[in-house]
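Next up: just one chain, as structure tokens, the form predicted alone.
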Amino acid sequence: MTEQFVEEEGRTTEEALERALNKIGAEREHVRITVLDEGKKTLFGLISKPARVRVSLKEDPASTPEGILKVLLDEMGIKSDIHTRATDGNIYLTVNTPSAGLLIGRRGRTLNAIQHIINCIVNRSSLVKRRVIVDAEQYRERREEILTNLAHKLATKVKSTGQEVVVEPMNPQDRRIIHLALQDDKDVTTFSRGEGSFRSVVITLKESAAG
């Protein structure tokens, strides 16, 4: 998991520490303190090199993405085993549970809602913004395969009829899959239309879009 920290300088380590605590917005008992450089003074007390400290937040296990997810699942009465991995700045939470259907919900709506809640909590006051992805029974992978196949099928229809196709309203994650599936197609292009939960992907011929 990416550590949250700040580094500050001062005439003394105490001054550097106070600056770091003000910047990170935490008390001493809630942080880990590392003195990177104690600084250096000349013979007459002048500063030739400032002191530098690093202050990092101590994380409460219950406030981590995995901890938040565990609390939510416990409240839902879902027994689970959660595995965490970090890749390319993203945090992946994979849930093993006998209640996978309940967790995923219709078309992944429950899973997406839980993922949204966790991202809001984790990034609300985080110094480092992180994207948390929650999955169960490889739902994300299966959903991506289904939507990718749908995108190519609809693109073929657009090419044969010359008419644009409006895909049913989808969440941002699903719309992104459609866009990426057709981004290299030389004949069709995609864009989003609508607002909020009614926002949809439109697939149309490139010449039509240009016109």
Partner chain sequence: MALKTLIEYIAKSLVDHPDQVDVNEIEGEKTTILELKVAEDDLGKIIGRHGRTAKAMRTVINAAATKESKRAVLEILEGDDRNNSN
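Positions refer to the first chain, counted from 1. Because the structure is predicted, anything quoted here is derived from the model rather than measured.
FYI, the form predicted together with its partner chain isn't displayed, but the following is about it.
The contact with its partner chain in the model of the complex, taken as any heavy atom within 4.5 Å, belongs to 71 out of 133, 100, 86, 71. Its partner chain is not shown here, but in the model of the complex it comes within 4.5 Å of a heavy atom of residue 76. The closest non-hydrogen atom of residue 129 lies beyond 4.5 Å of its partner chain in the model of the complex. By the criterion of a heavy atom within 4.5 Å, residue 114 is counted among the residues contacting its partner chain in the model of the complex. Within this chain, residue 82 is remote from the site of its partner chain in the model of the complex, having no heavy atom within 4.5 Å. The chain is drawn here without its partner chain; in the model of the complex, the stretch among 160-168, 175-183, 139-147, 63-71 whose residues come within 4.5 Å of it by any heavy atom is 63-71. Proximity of 11, 22 and 24 to its partner chain in the model of the complex is absent: no residue of the three has a non-hydrogen atom within 4.5 angstroms.
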